[in-house]
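The chain that follows stands alone, in the form predicted alone, written as structure tokens.
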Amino acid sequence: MSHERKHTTITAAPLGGPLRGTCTVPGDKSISHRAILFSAMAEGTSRLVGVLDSADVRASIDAVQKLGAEVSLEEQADGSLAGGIEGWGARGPKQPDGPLYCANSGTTARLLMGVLAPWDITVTLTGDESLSRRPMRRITAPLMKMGVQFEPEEAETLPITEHGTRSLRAITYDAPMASAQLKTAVLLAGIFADGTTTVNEPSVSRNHTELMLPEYGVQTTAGERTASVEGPAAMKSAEVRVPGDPSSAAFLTCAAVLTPSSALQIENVSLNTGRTGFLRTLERMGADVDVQSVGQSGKEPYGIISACYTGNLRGCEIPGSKIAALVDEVPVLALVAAHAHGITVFRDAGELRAKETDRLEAVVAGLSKMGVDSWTEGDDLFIEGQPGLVLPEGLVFSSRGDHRLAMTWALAGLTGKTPVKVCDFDCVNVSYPHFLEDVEGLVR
């Protein structure tokens, strides 16, 4: 089976009018991954609604099917996936016929390590060229302390072969970085260990796992920088409605802030506080943005994000303690900062070097093409804004296979006065396949 994808180049031309009206964004990627993996682990049939249909999420679906889960998700009129997943429950996953290919999805690879840990099967995890460069030692190190074996033992990157064990040890682990993927992998293994498994973090990371596990019958204890599970516990089926992805909403929000006369409402978006740091940053930059809470899906809050054009943006400083809550939005916030008065600083943003590409270096290179001064000092990113910025003619950006960069550079052209080209744009299929159509459909 071929895992190649085609590489498309798009021209992002000025929108020619304001963004107005009401819209939705695709389902949250982080919640979609967890709903699929947790449902596969559970006893019985879980019902899922609003699941993101993207390349990353398809990687998780494909993996759990190969491990024995019965997946009956069908595409809905709005492009999402809905239906049932019958999990393997107490009998555990089956030995797959070959390696599990995780494509470009770090969430799939890292969370699967925790899913596979408590079972006596041997599974090789592989990924595409980009994923095969991303750090995995942060996951294997704590799982090895719990009794899991990996080959090669010192492996930093995929491919990695995992040997699970039915006699996992509960641990207390002080994570070296704030990572929801690391935390989730250890907690998922801890569900099947005897005793309390705790992960402590240096700063706050996304808490979707702690909010969702109780829906599947697993009691979790969660604080601001700590989370625990008590094992062994039995996972049971659940009903999950996935709200819209705030990381996708960030691109529409920033488009509205940068496009004159725009006024936009994005409905049914997750308002999880671990995911809305980009809104607090925009507010500090003076942007006209607002949120309205509507309700909860399980324990996940959701609501409406409103955004209007703001002509007088100002730079600000984002402390390192806040980076985890907006790490995926730094590229598009950097684009907004390029249009602001003064200097914007993102402190302790080194985690961006470990994404699909080195996003810190890529942002500096892209902004330089636009004529904007930006630089790094250690892990701090500095951007000196240029109010009234007009892009040079003939700009060509490479996405570097990174969906967040692809959408950011497309927005540079869409919200400016000069068309730009973005190479390898199809990588947006990882999280937001219909991004361009959605933006262009909002022009009034």
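Numbering starts at 1 and runs along the sequence shown. Predicted, not measured: the structure shown is a model, and the values here were computed from it.
Although not depicted, the form predicted in complex with a small molecule is the subject of the following passage.
- Residues placing heavy atoms within 4.5 Å of the small molecule in the model of the complex fall in a single listed stretch, namely 107-115, out of 331-339, 304-312, 107-115, 190-198.
- In the model of the complex, E351 approaches the small molecule with a heavy atom inside 4.5 Å.
- Interface residue remark: Q181 is counted as part of the site for the small molecule in the model of the complex, having a heavy atom within 4.5 Å.
- Mapping the unseen interface onto this chain, S399 falls outside it, with no heavy atom inside 4.5 Å of the small molecule in the model of the complex.
- Under a 4.5 angstroms non-hydrogen atom cutoff, the small molecule in the model of the complex lacks K322 among its neighbouring residues.
- Just one of S39, S54, S30, T415 comes within 4.5 Å of the small molecule in the model of the complex, counting any heavy atom, and that one is S30.
- A heavy atom within 4.5 Å of the small molecule in the model of the complex is found for one listed residue only; from R241, R138, R280, R347, this is R138.
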